[in-house]
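Here you get one chain, nothing else, as structure tokens; it is the form predicted on its own.
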């Protein structure tokens, strides 16, 4: 059997098996494939590096479990980066599932188990960082654009209590943040359209610097906002997450210990994507070569 017959008659199940095997292997034995940091990702890292200790970042968990493998590493890398630099974080959610699921799970994955109503306030992964003083989670609020506009006027009216139903005025950090003027920038970890709202509403109308971490399928749309200057940084998909994660891990050893324990480890996921994309690309090339050779042979027979 020649090459053309082999490639054109190859049972697709062999291809599925090959992709499956090469998707599993990097999860068990990480390859550590290099990532080239893009300017859009470097901008976020540099901005955080340029902040003064004690300044505040607003992180909006605007995604759900379906995009968690791409979005979770972005959120956790920023949280680790900020806490490593003694910055403070106000977390919230404008996406329903993000408020119920992703927000609290990602916070506890990054800082350790918390139970504020019962007095468990100190981070186990960042000793000395206290809930309500260094980071706080306000939970989910419905309303979309209307909520965003109201947050500029008085965020305490929008979020009168935190996720655990404690009045926000009882915590030092959340009591201090009353509007966008009290934070350095907002980072929307987004699926769908909510990240766009942060750019074309919060940034455009209120002047708050905005960065977005989006899924790969949404990245082309978000790059239009980035190129227009409506967001100063953009993490596009798992590749963007891996780039930012690499910057944090290379420069902050204290953030590294817990990273490899995470289910959604960006660098590991990027290994899988790179290998699978390479296999698919190779077979696309082989298929096209076989088609061209077959067409040439047919023409020669005529």
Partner chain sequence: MSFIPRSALSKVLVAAPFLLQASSALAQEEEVIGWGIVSDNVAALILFTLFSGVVLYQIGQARRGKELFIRRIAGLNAVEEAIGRSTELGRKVMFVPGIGTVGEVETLSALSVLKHVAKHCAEYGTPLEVPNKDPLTYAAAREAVKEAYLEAGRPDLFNEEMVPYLTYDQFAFTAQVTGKMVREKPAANFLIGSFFAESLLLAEAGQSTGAIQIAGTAQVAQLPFFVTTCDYTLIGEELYAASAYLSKDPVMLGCIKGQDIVKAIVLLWIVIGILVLSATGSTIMQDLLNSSLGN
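Small disclaimer: the values here were computed from a predicted structure and weren't measured. Positions refer to the first chain, counted from 1.
We do not show the form predicted together with its partner chain, though everything after this point is about it.
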Looking at 119-127, 189-197, 168-176, 80-88, which stretch has residues with any non-hydrogen atom within 4.5 Å of its partner chain in the predicted complex? 189-197
Whether residue 97 contacts its partner chain in the predicted complex should be assessed with a 4.5 Å heavy atom distance threshold; does it? yes
Contact flag, residue 251 vs its partner chain in the predicted complex, heavy atom cut 4.5 Å: no
Using the partner position in the predicted complex, report whether residue 43 sits within 4.5 Å of its partner chain, counting heavy atoms only. no
Decide whether residue 145 counts as a contact residue for its partner chain in the predicted complex under a heavy atom distance cut-off of 4.5 Å. yes
At a 4.5 angstroms cut-off on non-hydrogen atoms, which residues of 54-71 are near its partner chain in the predicted complex? List them in order. 64, 65, 66
